[in-house]
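Only one chain is given next, in structure tokens, and it is the form predicted on its own.
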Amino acid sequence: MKRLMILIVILSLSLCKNLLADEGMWLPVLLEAQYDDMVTRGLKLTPEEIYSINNSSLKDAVVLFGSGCTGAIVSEQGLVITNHHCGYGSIAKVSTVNNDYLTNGYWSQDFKEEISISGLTISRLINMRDVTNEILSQIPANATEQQRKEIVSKISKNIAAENKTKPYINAVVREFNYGNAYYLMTYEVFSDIRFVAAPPLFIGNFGGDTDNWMWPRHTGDFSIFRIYVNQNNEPANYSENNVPYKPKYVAPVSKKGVDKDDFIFVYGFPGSTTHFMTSKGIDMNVNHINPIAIDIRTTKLNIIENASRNNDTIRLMYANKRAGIANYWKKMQGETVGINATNAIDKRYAKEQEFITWLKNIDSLKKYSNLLDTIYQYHQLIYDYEYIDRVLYEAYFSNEITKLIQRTISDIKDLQKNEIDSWQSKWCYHINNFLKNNNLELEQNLFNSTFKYLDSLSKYLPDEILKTKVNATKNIDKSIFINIDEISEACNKNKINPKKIQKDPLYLLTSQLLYWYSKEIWPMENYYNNKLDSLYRIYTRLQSYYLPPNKYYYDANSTMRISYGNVKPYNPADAITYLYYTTINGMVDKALWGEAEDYKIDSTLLELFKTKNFGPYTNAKGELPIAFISTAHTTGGNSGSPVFNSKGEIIGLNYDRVWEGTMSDFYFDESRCRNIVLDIRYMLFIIDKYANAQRILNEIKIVQ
């Protein structure tokens, strides 16, 4: 045994030479392996100051904003800062053509002017607890993958239920690295959230799609909300009697700024990574699945853009949907470029071969020497099913018209003979709701334009569905779901016949596609995914032996993590070197010389620039900084994450990654991967000098 451990250490250290120090997203309760390195690089805090269960700590100021972003509490009255693009949907929701807070910005003058956002929640992590043994000890050794999942689900629900001690407490057990570990996460969920302030869109989204995922960047990507609670400082539903939240910890905001090579750390809720994915899996996703999704989303974006260009009502109605489509559309393109430019697939394959050699040199592990070949085979076997799934979703089932058809199919399926009147009332409600929340002409264009992508599935579709598809293609203009405005009129006259609906060509096609997917595609996709999960569980467990403790981390899964690195420039391509920060000078240059519609500024900001009225928010050169980049490992969900200096003071808000490094979800390369951060001094400048919002500025806990 001693000889085996020596061999493991030697081979792990040889691998370590090629691993990058800044890769990793660490659970704060498992930070010990990284702590010494963080201190060596400049950290001044103790582990207890970063994360504590018994005492207030930095983690109490870091919150889950909605379900997919991060925020930070920066005042004694529950003020939360996050990215503008995280608040985008909420701001659009309360905006109208007459009160367009999305375009014009909003700065509440007092508590009464703060706008309630229905449905938005903010969650504070109370604690996380390792429950791995509680779960794994109850799984029989001979359990199938499906049985294993059912057992885990049942036990996890029981553990969560036992810890949901109050109505506003959310407890959930999260799986890590394919089931090698499980942690219970307990949250305090706040449901009375109010919109406090946001800059106008030209600041909050400066650069728009043109600059999305790009560097250099000049986006003032921030918005401000407030948590309200009942008189006992407990989460509660909206009430006029609720009061601002008194937090356990307030994160200080620093005006000092950053310099090249400064140590920083990011605290947030990164969404999803698959950094253990094999070379075959990366190739399948990036070079085969992504291209079709990119093509379909390009079609959708062009249609929405053309309809929105001269129509403010449509622009606001589709602002959030368009942003959602565009964000991942550009990210997928960057992934492909980054993976291929760094030769990541070949490099990952070479590492996998080193790992196999390691296995073969250890008698007790030789039985796993074919593990990677088996994983490769299953990635090949699942490909067709993943391709079908992606095309069906992107081209068909994500369309609003198809969603209405699906809802109709579900309602008719449950329809009883004596319920025709109530069914008709319900269905007419869905129709009118569709027309209220969507633009019919735009949705018709989206449906017709993406419908053609079903042709790429022709070789997979059964003959019966192919015939139905041909009929639907010929009669698509006659479908009641394309002419929904006419159905709305029929609703008013109570002339809706469900039997007629069931003969509609799109109803028939959608019904058959749903049945085919649920009976033939999803079961096989699920079967192969279960196989891959069980194989990756073994693979990642072996990796935990193979890698030294400070190099083995869990994939992101929307749980609280810490990543860290240094402020650094980068060189993404031959003869191109980018500085580590941007200033308002670059923003004005883009506005004056850039051709893109996304580069516009108003006279107020331009005058502040001309007069150099930057206040105390400049760097040592007298420049007004806007953003900076670092080597910290981030992903989706880190949007809005506070970026701290060595003393635990907020110096920025994470909001993006560089386009050339978006492949970091699969493969982290320190030479190309950079996270983009809003310099907090620019946020303070906008609040102070641009908006004159002294009420908000005075409330933020600012330190020198």
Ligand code: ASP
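A residue's number is simply how far along the shown sequence it sits, counting from 1. Only a predicted model underlies this, so the values are computations on that prediction, with no experimental measurement involved.
Below, we refer to the form predicted together with ligand ASP, which is not included among the displayed structures.
When contacts are judged by a 4.5 Å heavy atom cut-off, residue 213 counts as touching ligand ASP in the predicted complex. Although the partner is absent from this view, residue 637 contacts ligand ASP in the predicted complex, with a non-hydrogen atom inside 4.5 angstroms. Among heavy atoms of residue 85, some come within 4.5 Å of ligand ASP in the predicted complex. The shortest heavy atom separation between residue 655 and ligand ASP in the predicted complex is within 4.5 Å. Looking at 590 to 598, 629 to 637, 504 to 512, 127 to 135, the stretch with residues near ligand ASP in the predicted complex, meaning non-hydrogen atoms within 4.5 angstroms, turns out to be 629 to 637.
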